[in-house]
Each structure stands twice: as C-alpha cells, then as structure tokens.
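As a starting point, one isolated chain is supplied in structure tokens, in the form predicted on its own.
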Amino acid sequence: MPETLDYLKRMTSPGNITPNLQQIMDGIEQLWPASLAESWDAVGLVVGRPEQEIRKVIWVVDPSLPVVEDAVQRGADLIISHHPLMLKPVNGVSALTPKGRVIHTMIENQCALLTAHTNGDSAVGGVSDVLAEILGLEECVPLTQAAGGLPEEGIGRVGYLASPTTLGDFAGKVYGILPKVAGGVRVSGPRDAIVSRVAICGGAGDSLFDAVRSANADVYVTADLRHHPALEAKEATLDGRPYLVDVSHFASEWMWLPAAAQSLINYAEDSGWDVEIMVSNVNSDPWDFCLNG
C-alpha cells in the first residue's frame, strides 16, 4: 500500500461530548452544504439513525464492500464517503447484490453511511481546492461557479503556477503527489512545452473542456479522460493547448480526504466532541496492474 495511504488517526481534544449522527450531519452541512451538490447527485445520509452515537468516523472515496468491511472491522460508527453508494435508483437492497451486501454489512454492524460528493467538490476547501494547494497554484477561481454559491465555490479550479515550468516537469510533480495506482499518469502534449496557467478537476472532468478553454489554461489535470473527448480537445486548438494530464479518479479524490478529515476534526474540537476521525487506506482504484510497451 502506498505510504500516502497510511491511516490518519487523530483524537479530538479536549472533548467529553459523544456526538450523535445528527450532530455530525449538521457539521457536514456547515462545511460542505448540500445546496452545492449538482442536481443529478445523491448526497447526505444513506444508512443510519440520527440519534445514533458516533465515536469513530472513517473517510473513504468509495463505499465498496472491501472498504466498508475494513471500516467496520476497525470499529467505525460512521463512514463518510465521497462517492454515492446508490447514485441510480434501486428496487431493493437484497444481500444477493453487491450494493445490498454493503447495506447489510453496515446495518448489521451499526455503522452509518453519509455521502459528500459534488458538494465536497464545489465547497471552499473541496477536492479541487486541495489539489490546487498541493500543486502550489495561485489566484485560483472555479472553472464553473456553483449555482447560488459564493464566487469561490464551484466545480474545478484554475490558477497560476508560482513560476512557469515544462509540461514534463509539471506532469512529474503531479505524479509525485498522487497515491501510486496502476494507471499512473498520462500526458498529451510536448514534454518541453512551457505551462503556467493550470486548470484542475478532481475526478472525471471531460465535461468541462469548454470552461477550460474559456479560462485560457495551458494544461488541464483531471481523471477518466475518454478517447473521443480527449482527441477532440486536442484537435480543438491550433497550438495544442490545453495540454492534458490524465490521472486516476480514485487518486485525485483521495487527496481530499485528509484535508476533509482535518476540517471535521477542527469542527469537532470547537464543539467539544470526543470522537476519532480517520482516513481509510484501502485502495479502491479498480485497476490492479498496467502493461506498458
């Protein structure tokens, strides 16, 4: 397991109040308001009773069965996942299905599940903000503003490097900060091209190409770039910009979890709670190995 996926273990201190799930939900709403979620998204409480006491919280990217099983083995009362468990409607949660087994595992172990997805993307201090900070971007603004949100809230970010660098060196920096997964980092553009203005979107971002071009970005860092959108983006301008840096969906969003956990720790400390908050180290990237010629 990559070193960057070590568990983050922090006990809030001082604190002598055991919060219930509703109080945790209220804190999440203040930090990452549900109003910032995209209209198609499914965020909020998935499993759990509001009155349940919460002593241990574990943050995860995906509420997949291995992730959930690991969390309940570690005594989690609450899992906060970035990705929704049930984004599409279902007709049942039988344990004959993978998602049903997740639900049953959580209920049988009295573990709640809460989701912060595109609200976690859009909010200040969200997924793309964290990536921008780690990459040292300055003067950042959203690629697309959240409807009804503050000017600094929205999906993606665009900003400037402290000093221009080559595309090759920049891609190397991106590779160096992310958890190491099978897919690595793919780059479209000349290795020696100079880049300064950077657009980023943690997770899948090929729907934002128009916004990236409008922002005059030299390079765009995102995940899950498909063949046709990437090829069309490459052919859309005469000078090849924006160059593309394609990363792992899981890796790009895992980077947010320690920062999100720390924000909740700070909220818990201010509230006087006695609760342990952790980040899962289970790698839920779907790919196991990669062959390169």
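Note that the structure is predicted; figures quoted are calculated from it, not measured. Heads up: residue numbers just count along the shown sequence, starting at 1.
We do not show the form predicted together with another copy of the chain, though everything after this point is about it.
The chain is drawn here without another copy of the chain; in the predicted complex, the stretch among 100-108, 72-80, 146-154, 120-128 whose residues come within 4.5 Å of it by any heavy atom is 100-108. Checking A162, I194, V90, V141 against another copy of the chain in the predicted complex, a heavy atom within 4.5 Å turns up for just one residue: V90. Among heavy atoms of V279, none comes within 4.5 Å of another copy of the chain in the predicted complex. Taking non-hydrogen atoms only, G136 never approaches another copy of the chain to within 4.5 angstroms in the predicted complex. By the criterion of a heavy atom within 4.5 Å, W59 is excluded from the residues contacting another copy of the chain in the predicted complex. Interface residue remark: V275 is not counted as part of the site for another copy of the chain in the predicted complex, having no heavy atom within 4.5 Å. Residues are counted as partner-facing when one of their heavy atoms sits within 4.5 Å of another copy of the chain in the predicted complex; in 187-203 these are V187, S188, G189, P190, R191, in sequence order.
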